[in-house]
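The chain below stands alone, shown as structure tokens; this is the form predicted alone.
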């Protein structure tokens, strides 16, 4: 049985108190909300903070507001995020569809009841050589991401290539979201895309002293969005490929604007090339156009041998999943296809 290491636990009652605790720490302090990612990592000794700052019961982190879009507290559980869907009707419900679909496909109901939106956005990168117990990793002389010097996936690589496995980040990137980060030194708001680096170890630009407090999604009148996820089982598994797509479609069926984001193909979510998006704009979503754009959008997908399934097959599946997403945006009935390839009912 893997046990947690010894640690000190503190539970501040406000974001300000939590930020002060982080500022005063010696660097071995980490935030914990639901703990669904951090606590298993601690059991495997991938992370061993001396102090955990519990933010689960800070009311500020569970606030929701609307106006020019919607602002969602980072402390809301994924189950709470899914339930938000009930408060949106018509176009707004369709516009934010990718977020509801992504949150609904994270792990299992029990883990969604604990895991938070902020925690999923900051999810640790994953790798077959990293996500093992301490003794297993010691037997191979560890890896670059923790205690070692070599990336066993790509031994000649100067940096870790552990993969981004967050579901909600690609969805929110496709929605043009921004995030608020709070520290003892002040508050800053950045585009969500600016919070990620393509580096398996230093995958976040968020500083250790900063708290992700909320996510802002702009108004998306006339937009639709969807999220597709590839995994071995119909629940629990992290994505080995995901595609989030959003588009503003005119009444005549032509695309006015669009975004496509790939997940689990690099150490950060990857946006489709500009030429793929440009090919969509001003044209209706015909089968030929969807096929053309899917080929272009899949080009940045260069999966490595660090997750489930073979990398060649995962690469090949990228264009198919982009096409599924675009067809769903077009209005096609994709329920049977979604059940077959994603094992998930349409939300």
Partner chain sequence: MVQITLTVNGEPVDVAVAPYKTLLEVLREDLNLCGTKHGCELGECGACAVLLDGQPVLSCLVLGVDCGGRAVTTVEGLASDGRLHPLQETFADLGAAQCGYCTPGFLVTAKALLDEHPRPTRDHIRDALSGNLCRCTGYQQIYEAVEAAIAKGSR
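In this text the structure is predicted, and so the values were computed from the model without any measurement. Positions refer to the first chain, counted from 1.
Beyond the structure shown, there is the form predicted together with its partner chain, which is absent from this document and is the topic of what follows.
Exercise for the section: Counting only non-hydrogen atoms, choose the one of 275-283, 66-74, 299-307, 30-38 that falls within 4.5 Å of its partner chain in the model of the complex. Expected result: Of the options, only 30-38 has residues within 4.5 Å of the partner.
Partner contact for residue 236 in the model of the complex: its partner chain, 4.5 angstroms, heavy atom:
So residue 236 counts as contacting its partner chain.
Residue 52 within 4.5 Å of its partner chain in the model of the complex, heavy atoms:
Answer yes; at least one heavy atom of residue 52 falls within 4.5 Å of its partner chain in the model of the complex.
Exercise. Is there any non-hydrogen atom of residue 109 lying within 4.5 Å of its partner chain in the model of the complex?
Worked result: Yes, contact at 4.5 Å.
* Asked: Can any non-hydrogen atom of residue 114 be found within 4.5 angstroms of its partner chain in the model of the complex?
  -> It does: once its partner chain is placed as it appears in the model of the complex, residue 114 has a heavy atom within 4.5 Å of it.
| Within 1-34, the residues that have a heavy atom no more than 4.5 Å from its partner chain in the model of the complex | Residues within 4.5 Å: 1, 2, 3, 4, 5, 6, 7, 9, 34.
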